[in-house]
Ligand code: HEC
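Next comes just one chain, in structure tokens: the form predicted on its own.
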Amino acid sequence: MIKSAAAGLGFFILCGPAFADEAALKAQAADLVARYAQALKTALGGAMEKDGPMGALDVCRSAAPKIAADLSTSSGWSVARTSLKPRNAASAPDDYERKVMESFNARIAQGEKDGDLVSAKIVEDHGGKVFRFIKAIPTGEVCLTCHGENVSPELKQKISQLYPNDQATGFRVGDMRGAFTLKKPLGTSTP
């Protein structure tokens, strides 16, 4: 009895906190994504109302990276957005993000809603453990103004000036536009 209780306690000590920590990390990441999404939605909505699509383009170009940087600084996480079809080449996905987003697209093709897709895992990265959190960004009707199949010629010209390698058009409602991607280093791995 004592031996099995000790073994059970050992299992809890080795595994229990890791599961609790992973749940806490997932909750923190989800909160950061919600804050990022809300701040971005507010900024985009205000810009669209005041300056139309050109104003929204400016928000995505300057305000979105600042929102991500501020959240990263205040939280200790790396907070960003990426896409399989990035507008800004600097936002191209790494291999891990690409694989997750490709799996999201496969799940969408099977009927899952893009807004519900989340991946949260502890992974090895350059000799250390990192918590990775990726949440799909759905394409809404308002997104089509800048990311749809029929972007106005004036807006298309401005996008080409700002982003000569733009790939972020041709989306339809229901497509995954991209993903919020967060990382938090957890420490070095032990052999």
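Here the structure is a predicted model, which means the values were calculated and not measured. Just count from 1 along the sequence shown to find any residue number.
What comes next is about the form predicted in complex with this ligand, which does not appear here.
No residue in the set Pro93, Val118 and Lys184 has a non-hydrogen atom no more than 4.5 Å from this ligand in the model of the complex. Contact annotation: of the candidates Leu44, Ile67, Val33, Val130, the single residue with a non-hydrogen atom within 4.5 angstroms of this ligand in the model of the complex is Leu44. Remark: Val142 counts among the residues lining this ligand in the model of the complex, judged by a heavy atom distance of 4.5 Å or less. Taking the partner from the other structure, this ligand in the model of the complex has a heavy atom within 4.5 Å of a heavy atom of Met48. Under a 4.5 angstroms non-hydrogen atom cutoff, this ligand in the model of the complex has Ala168 among its neighbouring residues. In the model of the complex, none of the heavy atoms of Lys156 sits within 4.5 Å of a heavy atom of this ligand. Contact annotation for 111-136: no residue has a non-hydrogen atom within 4.5 angstroms of this ligand in the model of the complex.
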